[in-house]
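One chain is shown next in structure tokens, namely the form predicted alone.
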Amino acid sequence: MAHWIEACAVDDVDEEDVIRFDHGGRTFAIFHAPDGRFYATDGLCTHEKVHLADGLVMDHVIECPKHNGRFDYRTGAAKGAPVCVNLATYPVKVEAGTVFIGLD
């Protein structure tokens, strides 16, 4: 069962954008998809541990700012070299204008 953590306000993340969220010594990335949904992944690229929140969001893809590795932030799936390890993803819920992520 997930333990829900308050991550940010809905208005903190523009549509088709990402923000960094740090909690408990970990870094997460919170995404606001073009369809209005929110998603959360680990915040560091699996290739060289660069903060993904500094990357470029294109539709449902985040591009790492260092080597242009790409992930589908809805599933965490690596989209090809140089990244070959998927991102961890986390459940998200929105209540009263606040985005929560679920951690184990």
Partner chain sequence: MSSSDKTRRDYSLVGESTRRAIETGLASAEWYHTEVPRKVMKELMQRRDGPAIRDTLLWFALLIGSAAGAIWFWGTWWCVPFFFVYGVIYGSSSDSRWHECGHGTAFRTRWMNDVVYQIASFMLMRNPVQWRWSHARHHTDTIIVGRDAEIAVMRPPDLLKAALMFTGLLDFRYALPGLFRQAFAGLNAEEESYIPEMERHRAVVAARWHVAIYLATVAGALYTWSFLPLMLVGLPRLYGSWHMVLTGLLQHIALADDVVDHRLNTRTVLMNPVSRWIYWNMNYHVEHHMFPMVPYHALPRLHELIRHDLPAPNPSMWHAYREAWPVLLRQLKYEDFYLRRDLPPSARPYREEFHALATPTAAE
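Residue numbers count along the first chain shown, from 1. What you see is a predicted model, and the numbers here were worked out from it, not measured in a lab.
Although it is not shown, the form predicted in complex with the partner chain is what the next lines describe.
Taking the partner from the other structure, the partner chain in the predicted complex has no heavy atom within 4.5 Å of any heavy atom of residue 77. None of the heavy atoms of residue 22 is located within 4.5 Å of the partner chain in the predicted complex. The partner chain in the predicted complex is approached by residue 84, whose closest heavy atom lies within 4.5 angstroms of it.
Contact annotation for residue 33: none of its heavy atoms lies within 4.5 Å of the partner chain in the predicted complex. Along 12 to 42, a non-hydrogen atom within 4.5 Å of the partner chain in the predicted complex is carried by 14, 15, 16, 17, 18, in order along the sequence.
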